[in-house]
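Quick heads-up: it's one chain on its own, the form predicted on its own, in structure tokens.
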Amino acid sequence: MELLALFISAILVNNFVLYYFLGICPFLGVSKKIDSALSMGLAVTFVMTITAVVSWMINHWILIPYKLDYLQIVSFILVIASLVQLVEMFIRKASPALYQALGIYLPLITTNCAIMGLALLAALKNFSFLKTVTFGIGSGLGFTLAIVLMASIREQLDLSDVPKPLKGAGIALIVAGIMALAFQGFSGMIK
């Protein structure tokens, strides 16, 4: 039951984009079309899950036993950059069509601060392995939910009569703020 609460909390209540304000760049930059937003969200979910597993292993098997906690940030940066490169090479060989569909999104994931935030938060909260993996999957799905919702709203806004000064980034930031307020409504569901 605790894992389910953590999973739902990572998706709805403690959403990386709408609660922690991490991953705002891809959230605003890639959320113009639903297809690209969904591709980016699924790629981020995949990388977040793998990052959760590998960063937990490095932290608990190397850094903590040898009292090298101060190297967490550097090691997590290396883990994320390496994982994204490995995933990109694997996808390029295994599925060229998927590689073309993802395009520039895979290298962009390297600089997504939500992934770094995941690794650091899981280490800070001293989650067990299972909780870290659950937190990683839930956080990735929460990112996907937020970016797809934003993309669908922005597609509707393109068809609407938005005042000229608010077009583009202005209305996107207003919508993001309203979405963050709406997601705060879930905070009473889970403690």
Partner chain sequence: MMNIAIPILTMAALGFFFALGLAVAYQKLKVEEDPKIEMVFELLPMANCGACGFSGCHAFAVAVVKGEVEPNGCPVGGEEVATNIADALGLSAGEVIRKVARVHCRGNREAAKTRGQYLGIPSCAASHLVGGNKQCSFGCMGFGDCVDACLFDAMYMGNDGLPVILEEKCSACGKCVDACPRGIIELHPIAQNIMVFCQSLDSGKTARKVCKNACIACGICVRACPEGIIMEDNLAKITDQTKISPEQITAIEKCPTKAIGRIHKEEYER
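Because the structure is a prediction, the values reported are computed rather than measured. Positions refer to the first chain, counted from 1. What we label the rigid core is the largest C-alpha set whose atoms superpose within 1.5 Å from one form to the other.
The following text describes the form predicted together with the partner chain, which does not appear among the structures shown.
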The partner chain in the model of the complex: contacting segment from 132-140, 146-154, 52-60, 37-45, heavy atom within 4.5 Å: 52-60
Interface membership of I104, the partner chain in the model of the complex, 4.5 Å heavy atom rule: no
Touches the partner chain in the model of the complex: L68 (any heavy atom, 4.5 Å): yes
Partner contact for A97 in the model of the complex: the partner chain, 4.5 angstroms, heavy atom: no
Partner contact for L108 in the model of the complex: the partner chain, 4.5 angstroms, heavy atom: no
The partner chain in the model of the complex - contacting residues of 2-18, heavy atom within 4.5 Å: none
Rigid core fit then L86 CA moved by 2 Å or more between the shown form and the other one: yes
Threshold 2 Å Cα movement between the shown form and the other one for A97, core superposed: yes
